[in-house]
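There is one chain below, alone, in structure tokens, taken in the form predicted alone.
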């Protein structure tokens, strides 16, 4: 089985080898090397060409938008260059517009800093229809645990329940800021089960769903 983590931040493209080494140690097939700017993405693509590894290195962009217009502009800018588009969620309108945009791949932590879960049935249905996945973010869980904020766990559990009801895709990612924050696929999968996924759903969230997403986007990029 092929395991993926599509959300691993690259702070220094010259140190990708450290991420690759950790990915091999943890048993991943593919890693989403994540940046936030066009300049970083261009440098990342050039660096990947020089890396000798069996790990599938995937270019991911995390879009942090100031509003819905900014979101659409950035999605248009990055879609023809990045293999995975992640939208930094939290604001309801950002969550909703991202779910309605078939160019978006993942909505990351839609519940972030909210008093509710950030998702409703309208967003879940839109995401389902446009093949947008909802992310369960391990780093947010880790930070929440340290601060003992149980309501975030409740929001994530509610979002999983909504996604299951509407067959909306889910992925589980580490959102690692360094190689030492990466987690092995079994640990990521187990978090999904704790929050309400069944065994198959939690495994698919770190294997089948990311794999199909990357393969589909690579076919589209070839057409571009």
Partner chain sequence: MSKPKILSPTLREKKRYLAFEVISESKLEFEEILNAFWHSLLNLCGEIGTANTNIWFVKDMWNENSQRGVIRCRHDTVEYVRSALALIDRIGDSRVIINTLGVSGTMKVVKRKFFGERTLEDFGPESYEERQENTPQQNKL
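In this text the structure is predicted, and so the values were computed from the model without any measurement. Positions refer to the first chain, counted from 1.
Omitted from view is the form predicted in complex with the partner chain, to which the following refers.
Residue heavy atoms within 4.5 Å of the partner chain in the predicted complex occur in exactly one stretch of 65-73, 46-54, 168-176, 193-201, and that stretch is 193-201. Only one of 163, 41, 58, 182 lies close to the partner chain in the predicted complex, with a heavy atom inside 4.5 Å, and it is 182. In the predicted complex, the partner chain lies farther than 4.5 Å from every heavy atom of residue 122. Contact annotation: residue 138 falls within 4.5 Å of the partner chain in the predicted complex, judged by heavy atom distances.
At least one heavy atom of residue 25 is located within 4.5 Å of the partner chain in the predicted complex. Taking non-hydrogen atoms only, residue 142 approaches the partner chain to within 4.5 angstroms in the predicted complex. Counting a residue when any of its non-hydrogen atoms is within 4.5 Å of the partner chain in the predicted complex, there are no hits in 66-88.
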